[in-house]
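Take a look at this one chain, the form predicted on its own, written out in structure tokens.
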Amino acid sequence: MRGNSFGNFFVLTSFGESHGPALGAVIDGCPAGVPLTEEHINAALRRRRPGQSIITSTRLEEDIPEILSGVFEGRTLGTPIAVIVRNHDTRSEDYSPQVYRAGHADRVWQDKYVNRDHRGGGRSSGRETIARVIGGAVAEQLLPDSVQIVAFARQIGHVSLKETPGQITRANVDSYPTRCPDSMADAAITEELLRLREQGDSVGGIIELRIDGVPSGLGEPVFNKAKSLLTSGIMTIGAVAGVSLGEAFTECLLAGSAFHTAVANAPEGITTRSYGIQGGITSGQRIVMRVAIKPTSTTGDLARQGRHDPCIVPRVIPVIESMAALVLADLFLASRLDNL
């Protein structure tokens, strides 16, 4: 099986299955001297683990990380960083090798590999995203302090934000169980998700990703565009159905004179609707992306057992932030080769 590593200079390799002994990550290419402890990683994993609220999966996993290599006395050594998270609360008896769940990878995995781990989806489970969050936590320690990566729920089902916030922090987003930073919308979404859970149904939504403080000059003008790498990285997340730069699918219908408006107090030639990336290269402005999340695949009786999220949007937010951090860390290291 190929395709378990991501990145060129800052490389994340993901391993493990949903109901195996452990999942984990190996990070190769992280320079020596980066501050890193298990608490840095643990803080990130707490934001994606199950059982955070009444609207998430009740699988009880503490997701405590164990650093096996690559770190000494709180700083990276420049050697491969290996981290594992052990599985504890598995219920493998809930899954049958004869059942191919709709919307999951069960059938295509069986057709491709013949031999598969059917327990909880095995490697294709959303639990694999633990590795991405581990990698993202390390990547964020490498990035400049100016870089701030924050995602939040813009819409879940038919309920959306009434007003788009200007400035927002992870702490603010995390104070809402739905990670939709609007008290009325949060309450309405929570009520809807509890109703869907009782019915054994699910719903998707739209996430907005904002990245501030990125220096200009990251990315390449042809194939390795910053926008294509960010989009590609986010699209590797199983729950993601689509990604756009800003409001691309509506704003592309504007007249050019309206679309290409200049950013006030920015260098000449920088426009608002490029959303921080022009010609494939970061401009120093805020990067904004919209991410479409499909409804959770597990529905019906299995969903009613309470071990599945009626909506994956709240828990996938830190995973999206982590993929963005991985891409930016890779681009940041690549930029050292751009000129002398």
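Numbering starts at 1 and runs along the sequence shown. No experiment lies behind these values; they were computed from the predicted model shown.
Here the subject shifts to the form predicted in complex with another copy of the chain, a form of this protein not shown in this document.
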Quick one: of 151, 180, 214, 240, which gets a non-hydrogen atom within 4.5 angstroms of another copy of the chain in the predicted complex? 240
Whether 132, 206 and 295 all lie within 4.5 angstroms of another copy of the chain in the predicted complex by heavy atom: yes
Residue-level contact is defined here as any heavy atom of the residue lying within 4.5 Å of another copy of the chain in the predicted complex; does residue 16 satisfy this criterion? yes
Decide whether residue 42 counts as a contact residue for another copy of the chain in the predicted complex under a heavy atom distance cut-off of 4.5 Å. no
So in the predicted complex, is another copy of the chain close enough to residue 126 to count as touching (4.5 Å, heavy atoms)? no
Within a 4.5 Å heavy atom cut-off, is residue 142 in contact with another copy of the chain in the predicted complex? yes
Are there residues in 241-257 with a heavy atom within 4.5 Å of another copy of the chain in the predicted complex, and which are they, in order? 241, 242, 243, 244, 245, 248, 249, 252, 253, 254, 255, 256, 257
